[in-house]
Structures are given as structure tokens and as C-alpha cells.
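Here we start with a single chain on its own, the form predicted alone, put down as C-alpha cells.
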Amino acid sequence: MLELLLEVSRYILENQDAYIGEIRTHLSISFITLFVSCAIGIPTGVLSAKRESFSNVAVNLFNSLRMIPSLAILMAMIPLLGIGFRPALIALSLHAIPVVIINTYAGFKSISPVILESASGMGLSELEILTKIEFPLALPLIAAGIRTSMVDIVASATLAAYIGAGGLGVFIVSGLSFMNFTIMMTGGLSIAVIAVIIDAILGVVQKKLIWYQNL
């Protein structure tokens, strides 16, 4: 194992520019996908929590899409959008949005009706209740969904390399093509390390939110 790590380190040093470039691409795809997932998932989750009729349609629809493997969605996008960043973004977003929706929905549904009635009785408007009461209380669960989605996105973004979007998956694809285990492990280990680091950072943020909520 130590010998393999040394070979991977040597390969990275010999190909620094390409390696750093693919890390940037991988992170760009991941963070933009997360932004899109939150921009769609959080409002959808809030609306689902407030309107059960909408909830049945939205949650079931996105959960159905999540059942389709990311690679299958990526391949389906090629005839429509070609190859590159856009189809990768759409495929990864469809895979990540359901988690954000479900956690947002659960966060809002976990709020006691008594709290909402008290806030309304104090004269707060619906918008004030949403921004000052509901969102702060639901935030830890929303953060948990974002954390799960981000780790999943970082791992799934590997597949973007198959349609020319780049990222660390390029090393895995190249390693498989040339049957070079060192190149393959360069991509695999890097993705694993990045996923662990991001999960740890978001885990700290989530704990801070829970701590502030309990003050």
C-alpha cells in the first residue's frame, strides 16, 4: 500500500498542472451543482411542507428521477445537449435535488404548530414567520441535506469525465483505458480525500447550527 501511495505521489508531482486543473474542474462542477440543487430544492421543500398536494407531486417526481443512475442520465443528455459541462450539471443536479427537498421538507414539518401559532398571535406576518422562525429552526436539517448532497455530488462528479466534462474522473477513465492502476488510484484517492474533507467541514457547520439553535 505504501508503495502504491508513493507511486501516486510521484505521478501527481510529475503531472502537477494537469492534476491541479482537474481538481479545479471537479470542484467547479460540484459547487455549481450544489448551488443549483439548493436553488431548486430548498424552495421546493418549503412549498412541499406548506402544501401537501404539491408535496406528493414534487417529492415523488424527484425521487423517481433519483432512482435512475447518474450515468444513465448523463448518456441520455448527450443527444439533447451534447457533451461537456451542461449535461453533467443537469444529471448531477437531478441526482442531488431530492435530498435537499426531503431534508427541507422534514425540517419545516418538524416545527411545532404551537410555535407557529404563538408567532402569529404576536402579530408576525407570514414572511416574518418564515424568515425569523421557520428557517432558523429548520436550518440544521436543511444543512444535513446539503452536506449529504455535496458528498454525493463530489463522488458522482467522477462520471462527468465520461462525457468530456473533465474532473478527477479523467484519471480513472485514463487509468482504465491504459490499465494503469497508479493513474486510476490518483483519481480515486483524490476524490475520496476531497469528499472526506468537505464532509468534515460541513459536519462542523452543521454542529454549529445545532448549537446556535439550542441556545
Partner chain sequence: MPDYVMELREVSKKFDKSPRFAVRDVNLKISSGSFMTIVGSSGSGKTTLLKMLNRIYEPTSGEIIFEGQNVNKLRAEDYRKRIGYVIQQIGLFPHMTVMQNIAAVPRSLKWDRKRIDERVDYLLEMMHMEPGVYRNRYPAQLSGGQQQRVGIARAMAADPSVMLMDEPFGAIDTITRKSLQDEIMSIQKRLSKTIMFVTHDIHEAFKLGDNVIIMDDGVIQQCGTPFDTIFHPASEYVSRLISSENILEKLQVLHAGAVMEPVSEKSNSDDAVRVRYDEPLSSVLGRFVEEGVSYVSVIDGEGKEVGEIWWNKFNRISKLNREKI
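Computed from a predicted model, the values in this text were never measured in an experiment. Residue numbers count along the first chain shown, from 1.
The next section is about a form of this same protein that is not shown, the form predicted together with the partner chain.
Heavy atoms within 4.5 Å of the partner chain in the model of the complex are found in exactly one of 69-77, 110-118, 83-91, 141-149, that being 110-118. Residue contact check for Ile102: none of its heavy atoms lie within 4.5 Å of the partner chain in the model of the complex. Contact annotation for Ala106: none of its heavy atoms lies within 4.5 Å of the partner chain in the model of the complex. Heavy atoms closer than or equal to 4.5 Å to the partner chain in the model of the complex belong, across 127-149, to the residues Glu128, Lys132, Ile133, Pro136, Leu137, ordered by sequence position.
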